[in-house]
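In the form predicted alone, a lone chain appears below as structure tokens.
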Amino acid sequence: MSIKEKIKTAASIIHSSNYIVVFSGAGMSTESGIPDFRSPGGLWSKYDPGEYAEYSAFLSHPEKFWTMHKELSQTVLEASPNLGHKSLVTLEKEYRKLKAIITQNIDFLHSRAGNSNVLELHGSGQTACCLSCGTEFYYTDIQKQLDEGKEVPKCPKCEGLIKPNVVLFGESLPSNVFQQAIAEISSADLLIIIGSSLTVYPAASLPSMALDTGARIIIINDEATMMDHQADVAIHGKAGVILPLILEELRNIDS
């Protein structure tokens, strides 16, 4: 099947679906200029995750985490939602078919694009929390301390350690978010997997649940995944290119 035929098939499946859930990974954000952490030139090629992004390491040497975080946060804040993100907003707001986005990304680009029900499996860099008193902070509060030259941001109330609400190595995924994700997939009649290699667990265990509930599956990813052969259609390409083409075909069906 050619890519053009696959796009038509995907549009037809979306047209006949009523409860769509998206599962997105790093490939969704690379088009916005945020490198995949695991790719050459990504964060883990510069910083050993066991030293800079492990929870116990954060507690003992938080300055290492914040050194890495400064580079990551600058990249994230300079990024903008791409055409793939904007296409998902159209599926939610205009077609009212997209009900939830389950994402492995911490860059809050889905929310910035305008999607409303975004379940962030690995947390979000948008907020942070004091580990001592529980006070919540917005990322701009933390950035202010960093801009003032603080090596390690501290809670102004109790001088406790502040940690962004992202899941570090050695931490469990937020159970409430994971359970919500399971519930959304259980309700879906279509799961669209975008920009995920489906190799990072336990998050990658979620898409296979859609097979058990009988949902149809569309995969959009640069490279082949382990679920390609189980999908109704698998399209290899960039979300920012493929999703607008699918929307164009969907409009042709509706006209």
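When you see a residue number, it is the position in the sequence shown, counting from 1. Rigid core (definition): largest C-alpha set, two forms, superposition within 1.5 Å. It should be emphasised that the depicted structure is a prediction, and the values quoted were computed from it without experimental measurement.
The form predicted in complex with a small molecule exists for this protein as well; it is not shown, and the discussion that follows is about that form.
Within this chain, A10 is remote from the site of the small molecule in the predicted complex, having no heavy atom within 4.5 Å. Among residues of the shown chain, Q104 is one whose heavy atoms approach the small molecule to within 4.5 Å in the predicted complex. Interface membership of D212, defined by any non-hydrogen atom within 4.5 Å of the small molecule in the predicted complex, is ruled out. Although the partner is absent from this view, G237 contacts the small molecule in the predicted complex, with a non-hydrogen atom inside 4.5 angstroms. Remark: all three candidate residues (P35, R38 and D222) come within 4.5 Å of the small molecule in the predicted complex, counting heavy atoms only. None of I217, L206, L198, A53 but one reaches within 4.5 angstroms of the small molecule in the predicted complex through a heavy atom, and that residue is L198.
The stretch in contact with the small molecule in the predicted complex, judged by heavy atoms within 4.5 Å, is 27 to 35, chosen from 182 to 190, 54 to 62, 27 to 35, 226 to 234.
Relative to the superposed core, L43 undergoes a Cα shift of 2 Å or more between the shown form and the other one.
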